[in-house]
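Just the one chain here, laid out as structure tokens, in the form predicted alone.
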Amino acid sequence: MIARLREKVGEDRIPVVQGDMSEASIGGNFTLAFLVFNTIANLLTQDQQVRCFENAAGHLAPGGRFVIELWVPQLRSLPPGHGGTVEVSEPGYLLVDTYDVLRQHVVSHHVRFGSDLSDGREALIGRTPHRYIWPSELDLMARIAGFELESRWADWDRSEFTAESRSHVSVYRLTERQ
């Protein structure tokens, strides 16, 4: 990804630090930090996720915003006694999520098959582990790091966030230095 960025914008135009989002430091007093497309769920423990908030707070000026886009776990669609759901079923692609509700882990199984595979394989399977976070838990993590919830929407169009929303965009404002 860094190489692709360098191809597009050059070597020195955008500073890049490669590292763990819960620990990497780039210095500065920024007004905005953001994690989009479920990024925080790639941290597989609650402690790592809290450290991510604390790290963001350490990079923001007082009053700075931390914006997180995240999916809402769809556990209501999980049939009793079953550990997984089919999230997407379309020609050439299946997405199956399997849940460990005690650890708040979900593994997304991406199965590609059919004519889309040009290398002769019958199927290609990829798996991505995540730790899901309820919005209320995210708010607590934010408070621990010195943030307060400023706003929450269901999407980037600022649709109202409801109990039926499948995702959210949450904006946190840094209230104090940690």
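These numbers were taken from a predicted model, which means no experiment stands behind them. Residue numbers here begin at 1 and follow the sequence given.
Not on display, but discussed next: the form predicted together with a small molecule.
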Legend entry - Distance check, A145 to the small molecule in the predicted bound form, heavy atom within 4.5 Å: no
Legend entry - Close approach of P15 to the small molecule in the predicted bound form, 4.5 Å, heavy atom: no
Inset, instruction - Classify G10 as contacting or not contacting the small molecule in the predicted bound form by the rule of any non-hydrogen atom within 4.5 angstroms, answering yes or no. - result: no
Inset, instruction - Look up in the predicted bound form whether W134 has a non-hydrogen atom within 4.5 angstroms of the small molecule, and give yes or no. - result: no
Legend entry - Interface stretch in the predicted bound form with the small molecule - options 39-47, 55-63, 106-114, 136-144, non-hydrogen atom within 4.5 Å: 39-47
